[in-house]
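What follows is one chain in structure tokens, specifically the form predicted alone.
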């Protein structure tokens, strides 16, 4: 059996191992969220707000995401709506507010506990091209910087990693560090069964995870 951590919990775990995530704050009430944002200089408008909790797996399908909130009034309205949309079986919930991150290229990354091989780290092309291209590579955990570099090189869609639509080429050092940090989560955190970072948006060439989910063994 396993449980899935909330997005906020998952973000904190991976960020603690060096995986870059978009700046965010959380709160269980509207006033708490606004106060947290006011105290966090790295979280700036426009922002995205999401209702999150361990029992909420499909936020978009339930309409639990609000995008492009440009000021405090819009944020307060969104928080009120999101908190009102919580159902009894959602359990404990909170609102996560994060800086809006935009980029033309997306990657996906994650960990999976394969029953035969054990923990593997994954990197692939994300966004609208993900299903069409299916460009994904894997390595067994642990990995080092050389392994991470080889994962990047093994992606077939190298053109997306070069200069693209006026954006710089991918920052290989930053992406290598993110992959090594992701693998380190599997090594150092007990009971990891899966991690999903989807998407990781390339901003000025640097990968930033804007969503994260971790599945752990409930024992």
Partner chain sequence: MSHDLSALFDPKGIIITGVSNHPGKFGFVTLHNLLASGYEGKVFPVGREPGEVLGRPVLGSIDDVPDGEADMVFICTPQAVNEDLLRAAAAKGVSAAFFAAAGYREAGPEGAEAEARLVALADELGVAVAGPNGQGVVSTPSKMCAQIVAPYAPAGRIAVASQSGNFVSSFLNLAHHTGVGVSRAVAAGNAAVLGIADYVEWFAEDPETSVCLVYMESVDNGREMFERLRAVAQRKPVVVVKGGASDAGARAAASHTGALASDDAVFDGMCRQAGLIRARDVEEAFEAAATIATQPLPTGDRVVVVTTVGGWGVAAVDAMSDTRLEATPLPPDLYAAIDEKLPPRWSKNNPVDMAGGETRDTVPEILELAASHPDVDAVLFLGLGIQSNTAAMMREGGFYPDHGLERIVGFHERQDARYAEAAAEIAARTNTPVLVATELANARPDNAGPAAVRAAGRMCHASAGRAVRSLDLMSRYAKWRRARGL
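Numbering follows the first chain given and starts at 1. Because the structure is predicted, anything quoted here is derived from the model rather than measured.
The discussion below concerns the form predicted in complex with its partner chain, not included here.
Its partner chain in the predicted bound form comes within 4.5 Å of no heavy atom belonging to residue 78. The shortest heavy atom separation between residue 88 and its partner chain in the predicted bound form exceeds 4.5 Å. Although the partner is absent here, residue 105 sits far enough away that none of its heavy atoms falls within 4.5 Å of its partner chain in the predicted bound form. Mapping the unseen interface onto this chain, residue 9 falls outside it, with no heavy atom inside 4.5 Å of its partner chain in the predicted bound form. Contact with its partner chain in the predicted bound form holds for none of 65, 70 and 97, as no heavy atom of theirs lies within 4.5 Å.
Site annotation in the predicted bound form: the residue of 189, 167, 150, 32 reaching within 4.5 Å of its partner chain with a heavy atom is 150.
Contacts between stretch 92-125 and its partner chain, counted in the predicted bound form as any heavy atom lying within 4.5 Å, involve 108, 109, 110, 111, 112, 114, 115, 116, 117, 118, 119, 120, 122, listed in sequence order.
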